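Below, in structure tokens: the form predicted on its own, a single chain.
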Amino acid sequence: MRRIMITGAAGLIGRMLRARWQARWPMVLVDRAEMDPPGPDETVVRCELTDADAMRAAMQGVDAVVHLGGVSTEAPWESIRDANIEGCYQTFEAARMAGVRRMVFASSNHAIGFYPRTARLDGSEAVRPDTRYGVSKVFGEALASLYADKFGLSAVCLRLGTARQPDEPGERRHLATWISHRDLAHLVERAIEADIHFEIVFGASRNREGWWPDEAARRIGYQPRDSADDWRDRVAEHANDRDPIARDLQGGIFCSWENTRMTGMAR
């Protein structure tokens, strides 16, 4: 790969990847928010993902896209629709028109959040999104599959667990879902470089309580080095851990928000 685009480059993961890759790849950094000035071999583009002309111009000469951009949690439908649905489509379409070779789509564990914590998932199960945000990630995965099969834009969808600042678990659920910054960077790098047509890969560190077997991760060469277990004795009870719905389901508190079906059942 000669040139990498990161959308959502002003966010937590985008900033982390940018810092790690400055000596590795030339980068095009896209976000609507303000970013640090460009360094050597960097191009900074401030635009909305929904701006088709701007995205197509920025995409020229790009070999791989790491698509992190969009709303990163639950939000009103209008925000999700514009950034995570329309913005995702415009990103894929600009990549297709520019002849991009690889799309790495930052999906989320919230695409399958309504599975119980006792379930061990490998990515082949039916989706069970827990929010509008989760629905938008399901849309992105479907779009990635379409563009891989129809247009030859190979894609890896990363159903990411929990990446945080500070870089450590913050509640008991994270003992299963946490992914360190170091492991996350390695995962994205393998997603860029692996010989893959289309793949859905769960993204978590080497956590003993993890819910997601790593067959797909092994296929792309992901080998996590960190573990949430190192923080087990330091993770105090969080309010989310006391929520009966959040406590039983993989999506945690995302499953509780606005929930009118299970609220009475959980009491």
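In this text, residue numbers run from 1 along the sequence as written. For clarity, every value in this text was computed on a predicted model and none was experimentally measured.
There is another form of this protein, the form predicted in complex with a small molecule, and it is not shown here; the text below is about that form.
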Would you kindly say which of L29, V201, L49, A228 lies with a heavy atom within 4.5 Å of the small molecule in the model of the complex? L49
Under a 4.5 Å heavy atom criterion, is L249 part of the interface with the small molecule in the model of the complex? no
Partner proximity in the model of the complex: Y133 to the small molecule, non-hydrogen atom cutoff 4.5 Å: yes
Contact test in the model of the complex: A75 vs the small molecule, heavy atoms, 4.5 Å: no
Considering only heavy atoms, tell me if I253 and the small molecule come within 4.5 Å of each other in the model of the complex. no
Location of the small molecule contact in the model of the complex, chosen stretch of 29-37, 237-245, 57-65, 216-224 [non-hydrogen atom, 4.5 Å]: 29-37
